[in-house]
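As structure tokens, one chain now follows by itself in the form predicted alone.
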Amino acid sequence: MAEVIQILILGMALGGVYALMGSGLSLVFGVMRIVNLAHPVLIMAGAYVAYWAARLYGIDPLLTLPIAAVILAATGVILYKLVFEREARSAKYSEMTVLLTFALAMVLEGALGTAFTNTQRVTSPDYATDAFFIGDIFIPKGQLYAGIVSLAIISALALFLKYSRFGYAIRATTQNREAAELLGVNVNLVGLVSFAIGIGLAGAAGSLVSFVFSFFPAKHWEWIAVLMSLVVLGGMGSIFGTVLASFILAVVAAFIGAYFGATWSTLTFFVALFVVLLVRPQGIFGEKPELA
């Protein structure tokens, strides 16, 4: 029983981090229909912000988190204006963004690799290698803190979307872009701000990733299937679904990793993505597309 509880705790802690990593991707798709394959490399960029802040100035990654979020949000504004805004009304916009963001991911990977090389990095605050002990059960402080901070950020996002006036506009645009525009919503501004928030969340996640996982520019390719499995299982565009899927898959992966090895743990996300696309492509909370 202690072993089961131990694995469950580890899975739940990582699930919070996965949820933050996937929430920005889900938000951007829900509002703008952008399938952002560059989201993982932007998370890597956020991790580098935290890494160099810690190395040069000794700033704790948790304190760097808002800085990384703001820097990446500003980057998101620039990317949206340069790459995504022009064809936002195209009927084939989602399909186009797959190619655009794939190319963008390669460009950003090259830029990060040139600037920082492909050496594996990790920030090392004291709590990253420490743990709380409750009898025979240990709780890694790094994963616990990262999971708690992730859930706090997601909760703040949920409150913003539910109760703020701009949150109403974002939810209206997500549900029906044309109807929202007819009712006076500035969908262009909503798209810009939503994209900035989504990329800002990637920066925040990167700051946490910097001490939970090792990272290097090319590692973003490993994260694409993980994040897509979370978003697809939860339902494309559903932040709550992404959070729920993150905890489900993180716990399942933790048990598989404990009993069958780390390689099979990673495979969990690939298998989940494959099965969901075959059995229920709209995910848990996604809407089934209507046939013409």
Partner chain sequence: MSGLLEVSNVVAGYGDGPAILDGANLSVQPGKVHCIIGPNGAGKSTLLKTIVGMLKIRQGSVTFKGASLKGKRPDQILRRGICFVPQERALFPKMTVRENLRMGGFSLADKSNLEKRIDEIEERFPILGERRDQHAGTMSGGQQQTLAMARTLILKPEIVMLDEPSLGLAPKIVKEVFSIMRLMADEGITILLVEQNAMMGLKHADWGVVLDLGRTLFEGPAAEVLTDPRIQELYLGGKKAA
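Numbering follows the first chain given and starts at 1. Everything numeric here is computed off the predicted structure, so don't read it as measured data.
Quick note: we don't show the form predicted together with its partner chain, though the next part is all about it.
Student: In the predicted bound form, which of the listed residues (I137, A179, A115, A103) lies with a heavy atom within 4.5 Å of its partner chain?
Tutor: Checked against the cut-off, the match is A179.
Student: Determine whether any heavy atom of L183 comes within 4.5 Å of a heavy atom of its partner chain in the predicted bound form, and answer yes or no.
Tutor: Contact with its partner chain, yes.
Student: Taking its partner chain as it sits in the predicted bound form, is K92 near enough to touch it, meaning that at least one heavy atom pair lies within 4.5 angstroms?
Tutor: K92: no, not in contact with its partner chain in the predicted bound form.
Student: With the partner left out here, check for me: in the predicted bound form, does some heavy atom of K219 sit within 4.5 Å of its partner chain?
Tutor: Flag for K219 set to no.
Student: Would you please decide whether Y168 lies within 4.5 angstroms of its partner chain in the predicted bound form, comparing each non-hydrogen atom pair?
Tutor: Yes - in the predicted bound form, heavy atoms of Y168 and its partner chain come within 4.5 Å of each other.
Student: Would its partner chain in the predicted bound form be within 4.5 angstroms of a non-hydrogen atom of every residue among K162, A172 and Q175?
Tutor: Looking in the predicted bound form, the three residues K162, A172 and Q175 all sit within 4.5 Å of its partner chain (heavy atoms).
Student: Tell me, please, which stretch of 117-125, 184-192, 71-79, 147-155 lies within 4.5 angstroms of its partner chain in the predicted bound form when heavy atoms are compared?
Tutor: Of the stretches listed, the one contacting the partner is 184-192.
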